[in-house]
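Next up is one chain by itself, shown in C-alpha cells, the form predicted alone.
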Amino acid sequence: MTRTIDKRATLSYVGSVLKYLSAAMLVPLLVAVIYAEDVWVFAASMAIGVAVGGGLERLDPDPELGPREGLAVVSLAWLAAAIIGAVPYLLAGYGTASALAHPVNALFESTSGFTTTGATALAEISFDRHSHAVLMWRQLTQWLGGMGIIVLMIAILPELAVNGAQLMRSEAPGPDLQKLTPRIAETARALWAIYAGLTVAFVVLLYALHLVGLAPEMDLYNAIAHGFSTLPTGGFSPEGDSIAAFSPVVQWVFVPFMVVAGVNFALFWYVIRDDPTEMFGNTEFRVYLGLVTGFSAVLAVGLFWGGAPTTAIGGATQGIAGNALRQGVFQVASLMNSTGFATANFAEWDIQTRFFLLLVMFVGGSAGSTGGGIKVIRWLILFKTLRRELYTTANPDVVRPVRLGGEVVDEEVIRGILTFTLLYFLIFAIAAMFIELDTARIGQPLSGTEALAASLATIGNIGPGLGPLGPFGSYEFLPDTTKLLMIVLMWIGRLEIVPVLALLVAGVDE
C-alpha cells in the first residue's frame, strides 16, 4: 500500500519558503524609498507574503518530508512564489492602464520572472508607466529563481537541509547533481556564493564602463538591474529595447557573462579550489563552448551574406562584417542558454536564419547552470545512446555501455533522459497546436512557425519568440487561455517536467 502525501507537512514547508522569500521585497522597497515611488505597494506586498507564509508554516510545527512531499514542496513552492510575486504588480497597477493590473498578466510576468523565462506581458510603451521599484522587483525575481528558490532556502534554513539533497535534485536543472561538500547546505551556500560573486563582478564592470564614459546609459540602477537578469539567464530589462538600448561596447561585455551563466556552476567550485582540470576536462563544458563558437560563426556568416545593417544597434556605425559578428555572437550566447536578451529584432531576419535560431534554442545550457532548454549533456547522451543502439543492432552479441568522459553512464540515467526528452517534445508540440488554434479563435492568429517558437520560448524558459512575440514584442495580446497555458509551460519547464508530472501521476490519494 502506497503512503499518501502529508499535506500539512508539505504546506508547512511551502509556507517557510514563502515567508523568507517575501523578505526579498526589502530590495524593491529600498528602491521605492530612494525614488519615492510605490513605497506602500512593497510594504503591503511583503506583509501579505509574510502573513500567508507564516500561516501555512504553522500547519505543522514539526514537518517530515518523504520522497513525495519533496516533489510536492518543490512544485508548489515555485507556484506559490509566482503567485506572491504577482501581488506587487497588481497593487501597483490597480486603477492604472498598465497591463499588469490584469491578474493573468501579473501572474504571467511573475512566473516568467521566477522561472527566468523573460517573456513579458508589457508592451514597450508601457515600461514608463511603472516605477523603478516595480521594474527592479521584476529583475530581482529572475535572480532569485536563477540558482533556485529551494537551493537558496536550503542554504539559509537548517530544517530544509535535512532533506536538501532530494529537494535540490528535484529542482536542479539537468540530470546531474554534484555534492561539492560533505553537507548539502554547504553545497547550496557554495553555489549561491559563486552565483552572487559573478553577479557583483558583472554589475561592477557595467558601472565602471559608465564611469569612464563608454556606457552613458548604464547608470547604477541599470547595472544592478541587468546584473539581476544576466547571470540567471533571465532576459528581463527595464529598457523596452533590451540590450539594443546600449552601446556595442556594452553588448560585447554581456557576451562572456551570458556564456558563463550557461556553464555548470559546480565547475567554478573546482577552479576556486585550484583544480581547473576538472572544468577543462569536463566533456559537456568542452562541447558547450564548441557549440557556442560554432553556432556563432555560422550565424555571423549568415547575417553577413544576408546583408546585416551597417548601422550598429546602439547608435554607432561600423561595417557589415563587424555588425554581423557582434549580433551573431550575442544572439547565440543569449538564446542557446535561454537568456533572451536581444541587440536586434531577429524576428525580422530571413526565414533560414530564424529556423537556425530555433535550432539554437533547442540545445540549452549545461546541467547545473542557470540556463534552460534540453541541456547539452542530455543531447550528448542521447546521441551516444543512439549510436550504441545502432551498433548493437548490427552486433547483437556485443554489450556496449554508454560512456561520457570515460565514465559509464548508468542505464537509469539514460532512461530518465529519454523520458524527459520525449515528454519535452510531446508537450511542446501539443502546446504549439493549442496556441495556434487559440490565437486564431480571437482573430489574431500566429503562424505555425510563430506558435512553435512561442511554445518553445516558454517551456524552454527562453523568453522571446518570433513574429509579434519577438524580442521587442509582447505576449499581452494573447488570449488569457493561451497565457495560462504558458504559465504552466514556464513552471514545468523550469522544474524540467518530470517532478511535476510524477507528482500528478502519483496523485494525492490512491
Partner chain sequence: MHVVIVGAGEVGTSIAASLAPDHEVVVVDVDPDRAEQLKYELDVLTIAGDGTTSGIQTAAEVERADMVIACTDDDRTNLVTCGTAKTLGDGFTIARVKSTEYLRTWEGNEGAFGVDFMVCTDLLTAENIVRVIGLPAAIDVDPFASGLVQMAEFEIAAESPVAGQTVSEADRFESLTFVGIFRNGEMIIPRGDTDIGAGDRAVVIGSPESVQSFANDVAPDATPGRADEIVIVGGSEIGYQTARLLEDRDFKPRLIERDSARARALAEDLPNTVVMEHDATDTQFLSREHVDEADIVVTALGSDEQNLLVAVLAKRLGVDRVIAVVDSADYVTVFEEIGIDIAINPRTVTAEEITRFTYESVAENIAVLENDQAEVLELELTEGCGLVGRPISELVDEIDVRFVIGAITRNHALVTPRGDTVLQPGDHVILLVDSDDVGEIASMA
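Positions refer to the first chain, counted from 1. Since this is a predicted model, take the numbers as computed values, not measurements.
What comes next is about the form predicted together with its partner chain, which does not appear here.
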The single option of Val408, Leu426, Ile351, Val204 touching its partner chain in the predicted bound form, heavy atom within 4.5 Å
Val408
Listed residue (Val398, Leu211, Leu359, Leu422) with a non-hydrogen atom within 4.5 angstroms of its partner chain in the predicted bound form:
Val398
Can you check whether His132 is within 4.5 Å of its partner chain in the predicted bound form, heavy atom basis?
no
Contact between Tyr94 and its partner chain in the predicted bound form at 4.5 Å, heavy atoms?
no
With heavy atoms only and a cut-off of 4.5 Å, decide whether Arg388 touches its partner chain in the predicted bound form.
yes
Contact test in the predicted bound form: Arg286 vs its partner chain, heavy atoms, 4.5 Å:
no
Interface stretch in the predicted bound form with its partner chain - options 256-264, 408-416, 137-145, 374-382, non-hydrogen atom within 4.5 Å
408-416
